[in-house]
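Before any questions on binding or motion, here is one chain by itself as structure tokens, the form predicted on its own.
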């Protein structure tokens, strides 16, 4: 099949590369000329494990192409995936201006049937607005369909998630649209054995926000439990294991820590809350998820202040800047919160991250960036673990202690065993563990 993907961010670029990998001809469209020029030179605008190699292979073999022309993209394929950004507005609502723009431009250029597939995370009933836009701007009475196909990609594992998904959700109104999406996903369904779930469009749109908000709820729940553990001497990891062995609960997203971040959970939880409010429902449960996530960072910062007493002039070493391992994404990363608080308090920050340094440097150019964990810890009054990179979990603790000014470690990811850290002579604080 021929497929057009509009948008070359995390979702669009991974989606396009993976569709090409399973044999489709894919044209990726983006109005960012600089980004398209980079991609034609096989320079990835994002870091995702395995993406560059996959994109290069399919680009060289002619299955993956890039353009800035939405007209070319509209003419190229019958199926057009819309994977543009839906950033949060001032009130947390999704900004749909880019989605509307794609609908308008496709309508202006299409001369025969087209299927527009919402791949971006959009509020429920966006399809109705998109259909109205296409009808309004189409130059002729041309048949078209709109469908929903929410993505469930995890940054750092986006390619395995795309090629071996747990499920594929499609929301359709016509058999023609359903047939096209079955054909599109046939190679992935065949190779992975996953289920392609067909439903109405509104249900598919809502599935994405409901899924991410529930996962965020699990994270906030175990973080709330961790606070009770700290007050009682219980161990949150043991509690989480005892919970997770119940297959009704499961172990995933029951890792206590500094809270969720990234481009999806904060934005999608905000948007889901806004959707509910617009519909007249006061979703207090989701409000509490947000509150717990915020206070978890404040709770960890209070531990830093207790240990350092006076923050002014102290040096804090950040081990990890990305919101999770395997990505260079710092959007809503905990590191941003701690950097703001520490800089405002007069502390000096040293930082290490294997891939996210460039993105963090664009926000905090005056931070002292280091090439490895040892140089980062050197002369630090406190080490703050914010991303559980393998290099952090495997670091030489004896050497780290030797080069620090004082052996204080605040572990926001529970990367180390508390007994081991005590035996090594560290003053060690983690999350929800005695």
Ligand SMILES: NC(=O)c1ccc[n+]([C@@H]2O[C@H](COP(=O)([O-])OP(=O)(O)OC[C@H]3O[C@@H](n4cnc5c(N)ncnc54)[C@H](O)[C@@H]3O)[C@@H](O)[C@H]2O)c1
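Positions refer to the first chain, counted from 1. Just so we're clear, the structure is a prediction, and the values are computed from it rather than from any experiment.
The protein also exists as the form predicted together with the named molecule; that form is not presented, and the subsequent description refers to it.
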Notebook entry, point to check: Is the named molecule in the predicted bound form near all of 220, 259 and 289, within 4.5 Å of a heavy atom of each?
Noted result: no
Check: What stretch, of 76 to 84, 292 to 300, 176 to 184, 129 to 137, brings heavy atoms to within 4.5 Å of the named molecule in the predicted bound form?
Finding: 76 to 84
Note to self: Within 4.5 Å, heavy atoms only, which of 227, 267, 109, 350 is in contact with the named molecule in the predicted bound form?
What the structure shows: 267
Next item on the list: Report the residue, out of 169, 215, 153, 243, that has at least one non-hydrogen atom within 4.5 angstroms of the named molecule in the predicted bound form.
Entry: 153
Margin query: Can you work out whether residue 317 and the named molecule are in contact in the predicted bound form, taking contact to mean some heavy atom pair no more than 4.5 Å apart?
Written below: no
Next item on the list: Determine whether any heavy atom of residue 412 comes within 4.5 Å of a heavy atom of the named molecule in the predicted bound form, and answer yes or no.
Entry: no
Notebook entry, point to check: residue 359 near the named molecule in the predicted bound form, any heavy atom under 4.5 Å?
Noted result: no
Notebook entry, point to check: Taking the shortest heavy atom distance, is residue 432 within 4.5 Å of the named molecule in the predicted bound form?
Noted result: no
Checklist line | Any residue of 1 to 34 that, in the predicted bound form, places a heavy atom within 4.5 Å of the named molecule | finding: 6, 7, 8, 9, 10, 11, 12, 29, 30, 31, 32
